[in-house]
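A single chain comes next, written as structure tokens; it is the form predicted on its own.
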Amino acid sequence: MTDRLSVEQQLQAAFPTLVPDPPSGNNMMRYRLDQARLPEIARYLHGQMHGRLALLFAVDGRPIAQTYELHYLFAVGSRQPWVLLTTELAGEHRLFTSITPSIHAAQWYEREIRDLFGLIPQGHPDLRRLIRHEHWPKGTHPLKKDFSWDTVMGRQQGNYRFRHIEGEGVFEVPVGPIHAGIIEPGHFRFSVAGEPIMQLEVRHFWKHRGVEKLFEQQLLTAAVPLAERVSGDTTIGHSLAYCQAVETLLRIDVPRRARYLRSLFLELERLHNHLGDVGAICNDTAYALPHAHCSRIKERLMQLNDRLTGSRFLRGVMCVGGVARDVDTKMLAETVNELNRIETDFSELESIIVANASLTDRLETTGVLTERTAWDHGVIGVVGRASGIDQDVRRDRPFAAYDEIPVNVALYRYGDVRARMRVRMDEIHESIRLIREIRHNIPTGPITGEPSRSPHHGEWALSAVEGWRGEILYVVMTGENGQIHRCKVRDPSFVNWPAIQWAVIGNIIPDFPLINKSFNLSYAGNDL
């Protein structure tokens, strides 16, 4: 309560007439504002209160109301309530004031809203299409309620207007969107003068699947399989975030044993992904030995996942109300024993990696993302912590069992490829430690809870989970008869992709695969 009053008092001191809505139960303070006031208050939250713009999304209120709502979610400090600013566009009004000129993290959010809802951010410095590629028919805005989910669109011709740097000796090098191997599509356009990169422009959203539109065709309790498939390497992170939001709406008390098992599965997902990344970073420097060993260790973890749940990627584990699979005492002991062996194996490999001077030389000062740039763009997760951004949802807004098993957050300030690899290495050890704690402290009891209410139309809940890449956010709003009216999904990749454009400046093009791998962002999670 003290934290809530602290944030509220700061805002009221600066804006005496500002009054929050009654508490919503989401550990959130919500302010309804007219369009004229919102940019000023958003700038104050960001600049004076050091609030991070965590999410910006729109909702089409039809058929209940002929309005659109815009929601600006700010994270202000650790263990403090979220601050939500809400404004409304009524009738045929489609213009809203852009906050991008002063809050850079809003840039892609506002372009996304324009593409998917047809609402126009006035004053935005870049109004090119983001998600709607130029072959989409003009006037197509798929998240409007009068746009049917099964619409078959025609195709039109069009060209994307890339930014160009003019000057003698400046060359553009296009890479992608189709790449060798099994990597997903993404286009990268480099401007170089000699060898140093002067500019990188990222052009993504080649595989838009309409996930948020598909959520609107689902019942609240039936959409977990869809959440699992938002980003295939983050099954637990996304399904857990979705389940938590629905459980808030249905007022389900998730049993303690289920909360511990959720933390177990989330840490297992973090482990196999981080191990794969450490090996892949080494491989991109032609250091094949650690890559081979990390791949071997990762395979042991994937087989462990399969023995625990029947799925190497931990699918079918999460359900609304708890978990679908229990893990008995014998299997928990076997899990910890296997992780102890893996940690010994990895520690030996880690000492070899750290002692390799040529590898260190290759990784240090490569792809530096400064703390200021990371903050300006709202960077989160592994990439943020490697650049000095001290944020982790498990510690700052505990969920699952993290209120009972505190997390030690890995933090580095160099912001280079080596720092991003070191964060992953530290988190591998921390995840194993947390799983030992889970085994030691897990209580007995049921693994699912039951709903205690049926939500009304228009109610919504926010959920945050620290996935292996970083903070995952879900906002779920109820419709009629248990349907979903709106489900906003925010994978950490959507936040971090714009920042990679700054990390590569001054490096050379052969550095880019290494820098890109150290970010390791999802194309599918970015493009819903």
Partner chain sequence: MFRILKKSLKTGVVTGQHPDAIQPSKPLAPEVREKAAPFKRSLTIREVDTGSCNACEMEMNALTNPVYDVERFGIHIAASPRHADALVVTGPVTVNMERALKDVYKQTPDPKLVIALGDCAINCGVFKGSYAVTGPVERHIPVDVRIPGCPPRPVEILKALADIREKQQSSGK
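Residue numbers count along the first chain shown, from 1. Quantities reported herein were computed from a predicted structural model and do not represent experimental measurements.
Beyond the structure shown, there is the form predicted in complex with its partner chain, which is absent from this document and is the topic of what follows.
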property	result
Interface residue in the model of the complex among Arg114, Arg270, Arg259, His293, criterion: non-hydrogen atom within 4.5 angstroms of its partner chain	His293
Interface residue in the model of the complex among Val202, Ile352, Ala324, Val192, criterion: non-hydrogen atom within 4.5 angstroms of its partner chain	Ile352
Proximity to its partner chain in the model of the complex (heavy atom, within 4.5 Å), stretch among 309 to 317, 443 to 451, 380 to 388, 419 to 427	309 to 317
Heavy atom of each of His50, Glu69 and Arg129 within 4.5 Å of its partner chain in the model of the complex	no
Heavy atom of His208 within 4.5 Å of its partner chain in the model of the complex	yes
4.5 Å heavy atom contact, Ala524 and its partner chain in the model of the complex	yes
Partner contact for Glu371 in the model of the complex: its partner chain, 4.5 angstroms, heavy atom	no
Contact test in the model of the complex: His179 vs its partner chain, heavy atoms, 4.5 Å	yes
